[in-house]
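Next comes just one chain, in structure tokens: the form predicted on its own.
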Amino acid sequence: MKIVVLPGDGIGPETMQVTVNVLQLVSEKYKLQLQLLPDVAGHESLRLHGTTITPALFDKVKQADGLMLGPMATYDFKDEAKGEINPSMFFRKNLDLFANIRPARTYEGVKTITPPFDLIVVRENTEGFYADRNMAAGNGEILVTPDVGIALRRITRSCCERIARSAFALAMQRKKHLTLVHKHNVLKVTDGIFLDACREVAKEFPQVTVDDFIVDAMMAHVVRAPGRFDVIVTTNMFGDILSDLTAELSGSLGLGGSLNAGIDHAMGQAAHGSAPDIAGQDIANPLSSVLSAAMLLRWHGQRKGLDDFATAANAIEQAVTQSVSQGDCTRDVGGKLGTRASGEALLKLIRAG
């Protein structure tokens, strides 16, 4: 498996180094024959090449089996004419990574405000209200006058059907329970299409129990009783908000892995941002990046029918669980270690596993 590795901005190089060390270890232990291909994007690429994403890098990613993208300084990149392209948006759009898979679960040893839970948010990734990815040309936000703006929401039946099918397939691997999240009471046309598409796909999965919630009510339910949910599917913006909420309910965004997957490509990407205020201080939590890498390995193994990749992914996740429960982790999740030391603790557990 060839994986392009882009460290990113801010804390990215620190957390990605831990991730690379973990990938190298499981590759050796489970004979995965991983080829990690380092490159740059974001500020470093802008400094070297005058653009955050080069055509050569995009070709390299298309030819690889997967991508690990470090956190990017998204808010710094405002003018594409100056080479300031949002790398996360670029890869999601141009590789058609339509499914953002965001697990959230509680960990022993991490204080939370809720009872234990283990759920996954499946978020449509390519349309919705997001102005940078819902138009073939131009932008989905329009400034009519200096004081009047309009935002367009694109919802298509084909995109709804494929994200629903991904969510139902995932539900079949878990508790066979899928929750649809929407705002059909107000967005009658667009969320009407979403709900109708999901219910049509549901006919292919009669074993799965399906329920649905209006998005604002859903936010209250996941805070009050997240354990009642298993797999959740929703549109882009609702999923973006809901997945951050559920990750934080688990104890920290630093515990939230994230996979952006399409038919032929996938990108592991930590759920958090680049956190430039703590960069270089050896305090950043690397676990979100590490868990995202495990998800990327599992995705590749499932596509190719390679059981060793699932075994390696399980070993990484088990090591994360054990390290957190033992307190061998960073301070944000109750530990006392720095970034590098928490990475070393993970490696030790994987070796012993």
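Don't overthink the numbering: it's just position in the shown sequence, from 1. Just so you know, these numbers come straight off a predicted model, no measurement behind them.
As for the form predicted in complex with ligand NAD, it is not shown, yet the points below apply to it.
Stretch from 171-179, 275-283, 224-232, 204-212 whose residues place a heavy atom within 4.5 Å of ligand NAD in the model of the complex: Careful reading of the contacts points to 275-283.
Interface residue in the model of the complex among Ala271, Cys159, Ala266, Val122, criterion: non-hydrogen atom within 4.5 angstroms of ligand NAD: Among Ala271, Cys159, Ala266, Val122, a heavy atom within 4.5 Å of ligand NAD in the model of the complex occurs only for Ala271.
In the model of the complex, the one of Gly128, Pro103, Gly239, Gly254 near ligand NAD [non-hydrogen atom within 4.5 angstroms]: Result of the distance check: Gly254.
Residue contact check: Thr112 to ligand NAD in the model of the complex, 4.5 Å heavy atom: The answer is no: Thr112 has no heavy atom within 4.5 Å of ligand NAD.
Distance check, Ile11 to ligand NAD in the model of the complex, heavy atom within 4.5 Å: Heavy-atom contact with ligand NAD at 4.5 Å: present for Ile11.
Heavy atom of Ser166 within 4.5 Å of ligand NAD in the model of the complex: Answer no; every heavy atom of Ser166 is more than 4.5 Å from ligand NAD in the model of the complex.
Any non-hydrogen atom of Glu344 within 4.5 angstroms of ligand NAD in the model of the complex: No, Glu344 stays farther than 4.5 Å from ligand NAD in the model of the complex.
Ligand NAD in the model of the complex - contacting residues of 44-72, heavy atom within 4.5 Å: Sequence-ordered list: Pro71, Met72.
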